[in-house]
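Take a look at this single chain, the form predicted alone, given in structure tokens.
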């Protein structure tokens, strides 16, 4: 019922009944219960195309339970609050080189950020119904344990358990997942793009979220999508994972900055702004660095497309901001290497969410869990 109201926002009880196959009396009873649980609100009269009285429009409650998203990036921490409609109600981001800190110190900072978000939710008069945590590494689906995050130097970290204990989150469900997967889900949940694509997040590391027929493909254990550790040059530089020639060592954010001559100890936003300014002025070194990254990216992505027959590549993270300079060389590489490109050219687009995709996807996962199982809220309202 709640998902039907989400999909048919602004429609009446009668239209929801027609969509779900339930009787009007059942729909009316369930709607009343969900209004009492602050999951649904009534609006103006719904639009009606046929004869008869117009019913009251139904909407998800914007002040109902919210999802809290957290992203532990290599060089930043981000948090946000999202309401049931998917609207971002608050967001925070702080630069932090998490590579030089122990997991305990980083999680202490995350705990403070979570408490700030919880305090803001309390100030807004809304309840946090769940939390998603995006991390740059392999998260085991069955346990939620971060098995390894090469760019952070983390191994075997129970992020969920630690945050529950540190931030007193016993009554809030916590989901931990790979940042690239959450970014891909955020892109999917916008509802305006394709249902089959690979979303490539370009940060210090490179991750891929693979979506097939509207569903996330994680692999058997949840470790899929590690495109940053696909070997593209067997004689390339050593990677943090221990291998050589990994994609992220040749096309990652820091390598682009290094080749462009902008890499120093400035904040991440200052670095990308500097690079974009140089690209806008056609600085040869910056253009060459970006085109080189596009070539390596095309080599890795052509393998993904040849294997999985995906029609679309979505550039996310820093790549989304660099897209105008990546598109041509990346498309050329894909056209040359993808066997089916003559009959089915690969479309390359840029994410409109950019670097916010992962944290929004993490928060959105909490909202989706509420929509999938609203009964605890309804039961609590009736108690």
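Just so it is clear, the model here is predicted, and its values are computed rather than measured. Positions refer to the first chain, counted from 1.
Omitted here: the form predicted in complex with another copy of the chain. The next part is about that form.
Put simply, residue 194 is far from another copy of the chain in the predicted complex: not one heavy atom of it is within 4.5 Å. The closest heavy atom approach of residue 156 to another copy of the chain in the predicted complex falls within 4.5 Å. At a distance threshold of 4.5 angstroms between non-hydrogen atoms, residue 219 is in contact with another copy of the chain in the predicted complex. With a 4.5 Å cutoff on heavy atoms, residue 340 counts as touching another copy of the chain in the predicted complex. Here the chain stands alone, but in the predicted complex its contact with another copy of the chain, taken as any heavy atom within 4.5 Å, falls in 222-230 among 111-119, 222-230, 182-190, 125-133. This chain is displayed alone, yet in the predicted complex one of 307, 280, 267, 288 has a heavy atom within 4.5 Å of another copy of the chain; that residue is 307. Proximity to another copy of the chain in the predicted complex, taken as a non-hydrogen atom within 4.5 angstroms, holds for one residue of 167, 74, 106, 138, which is 138. Within 4.5 Å of another copy of the chain in the predicted complex, a heavy atom is found for none of 61, 82 and 161. Contacts with another copy of the chain in the predicted complex, taken as any heavy atom within 4.5 Å, map within 229-255 to 229, 230, 231, 232, 233, 234, 235, 241, 242, 243, 244.
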